[in-house]
Every structure is written in C-alpha cells, then in structure tokens.
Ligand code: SAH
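Presented below, as structure tokens, is a lone chain in the form predicted alone.
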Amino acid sequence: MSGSDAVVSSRGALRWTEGHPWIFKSDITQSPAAPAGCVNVRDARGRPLGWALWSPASEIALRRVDADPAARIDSAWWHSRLARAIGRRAPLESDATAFRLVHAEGDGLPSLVVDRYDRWLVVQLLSAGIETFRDDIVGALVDLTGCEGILARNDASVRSREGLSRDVELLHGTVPDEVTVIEHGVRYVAALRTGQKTGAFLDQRENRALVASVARGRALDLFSYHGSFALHLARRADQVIAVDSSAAALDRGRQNAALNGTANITFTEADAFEFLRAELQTGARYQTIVVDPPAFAKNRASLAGAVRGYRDLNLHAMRLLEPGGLLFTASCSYHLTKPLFLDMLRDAGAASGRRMILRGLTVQPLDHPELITIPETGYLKGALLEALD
C-alpha cells in the first residue's frame, strides 16, 4: 500500500458502495501523503476502491471519480467523461442556446460545473482536487464544444472551505460581459461575470416553458429577478405584474422585455410579502401566479423559519387566485425536501380555505441530473396547482 493512497473506514467505504461519491475527513484512517489532486483509495484491508479527488483542507476530503483502480485519470479520461456529459444535452440544442453541460456529481464529475451560454462557457471549479485538473478540463471543453471563450466563475463561497481563492478569471479565448440567449423562443440577457449563479437561472428553463403553456388572464410573477418567468407568461397572459425588491434586476427585466418586443409586463419594485398582503386588502385577483423565491433555507438550522416563509407566500398566492386560476410554485432550497415541500403546500392550502388541485410536480431538467443515490444533486422542485373554486 502506497503512502500516497488514502485509506478509509468501513463507514466511508460503505458510502461508495451505496452510490454516494463523498468520503468525509472523519472517515479517513490514513491521509494520502500527497497534495490536492487525485488519489487511489483503499479500505482498511487494503482492497482498492477506486480513484477520488483529494482535498486536504476540506471536510469532504474525497470525491470518487472512478471505481476502476486500474483507471488512469489523465487528459484522455477527462475528455471521455466530459464528452459523455455533453452528449446527454444534445436534445436541448433545438430549444435553447443556454443550458448546463456538466452538473458536478450528477454527471460523475464532482465539484465541476459547466454552463453553456451560446458560443461561450462558464465553469466553476469548486474543490481543491478538481482545481488541479484545470488545464485538462479546459482543453477538453475547447475541443468538444469549439467555444470562443471560457470564463471561470470561481467566486462561490464553497471555495473558501477548500482553501482556494475566490475570483472571476478568463481561462480561454474571449468572453463578453453579457450574452443574449434564447430559450423556447424567448430572448434574455445573461450577465456572465456579475449575474446570479453563472449568469442566469438555467435550472428553471423547462418550468418557464410549462408556465407559458398554461398562462392566461392577469398574471403575477413574484421574485421576478430579470423577468424570465414574466417574459414567458406574457406570451399568453393578457397582463403580467413582475415583482422584485431589486431596482437593478427590474431594469434588466425591462431591457429583456424590450428585447422581445413585449409590452404587457409591468415591473414593480416591492417586497413580495408586503405586495401580496396589499393585494389581498384591495381584493385583487389573478388567473396565473408564479412564486419562485430564493433559497430561504440556507442550512438545516434555518429550515423551520424557511418553511413558515414558504407557507405564507403560497397561502397568500392561493387566496389571490381566481376560481380556476393556476399557481406555479417552486423551491430551490436543498434542505426543503420534496416531502416537506408538499407538506408545506398542503398546510397552505388548508389555511387558504381554497380547494387546490395538484396538476403536476416538476423536478430538475435533463441538464441538471438528480441522482437518487446522491441527494445533494437535487434541490429544485415545483408544483402546478389549480384553485377549484
């Protein structure tokens, strides 16, 4: 057994057996005598378990990348694994010019995110282990996609826990600050260097198309941000009220509306909770409502308060619906599990005094795969509800 191998406890080995790629620092009985990178992993009896990304400073010390002890984690390996992930996204090219190419653990490439925005890519290297393969990853991405540029949005807070710097860095070619992308016929501008996530909320793409297919009448889009849901609603609704607390976000929303020649959206700067309460007092009614708030539950300790917030939002939205009106509601909080999400909606429905029909449940789209053995790959869930009376 080499000193550069990692040796793990039976509990750590069991996680891999059960399909989860992470082994925590507390389950390493012998740390590898090697800097961050990729290391061979063995169990307490010396049996080889495969290869893992090694992050010496992180609580998630090992992230499995290949179960074959004979594998060579070299440039050819990265090219093959990335080609497989990118190939899965081929069906999306007919409907969108922006989508995720690599969803980290969901694609067997732990701590690596790659998003495509038309002819440019934005990547996130989120562990010390993956950072050491930067050149191999960039080279493979250029070869596989022919992209004009690659930008690293390495400003995520998780990098601090890996002992890594946080910055935004150009890795290849040239990348503009803003890119106009298309999804299901709607155009919007993504701010690659300064926007949320890697520039836009790509994970809601299919939900926006779903809402567009059922929207009607007077519509409300809460937490509108840059107006992505509102733009889709406006294609079928008579009037759309887009609400957000950020004036800058609403300005971008107005620009996006102009880009699409859309004139039936009113952008309103307001706190969503206060707006809903005021609308209820005036007796306002809507036929279509979208509730897409930010993640209220940032950690497990904040879950109880987050559930109350989600419940209040959906309770008020339900009360604002016309009979037969539709509510699409979503949560991107990982800690608010699907069962808790449904429990919250049931409680809100009971308190609203409305009979709410569950028309459909949504999960993450094709480009954000959620592995059932890795709960952390799934965070987004949504529901389409109808007010019966």
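A quick note: this is a predicted structure, and the numbers were derived from the prediction, not measured. The first residue of the sequence shown is number 1, and the count goes up from there.
Heads up, the form predicted together with the ligand isn't pictured, but that's what we're talking about next.
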Sole residue of 116, 153, 208, 103 within 4.5 Å of the ligand in the predicted complex, by heavy atom: 208
The ligand: the contacting residue among 314, 127, 204, 288 in the predicted complex [heavy atom, 4.5 Å]: 204
Heavy atoms within 4.5 Å of the ligand in the predicted complex: which stretch among 240 to 248, 300 to 308, 83 to 91, 133 to 141? 240 to 248
Would you please decide whether residue 78 lies within 4.5 angstroms of the ligand in the predicted complex, comparing each non-hydrogen atom pair? no
Taking the ligand as it sits in the predicted complex, is residue 165 in contact with it (heavy atom to heavy atom, 4.5 Å or less)? no
So, residue 173 and the ligand: in the predicted complex, are they within 4.5 Å at any heavy atom pair? no
Indicate whether the ligand has at least one heavy atom within 4.5 Å of a heavy atom of residue 294 in the predicted complex. yes
If you apply a 4.5 angstroms heavy atom cut-off, which residues in 209 to 239 are near the ligand in the predicted complex? 223, 224, 225, 228, 229
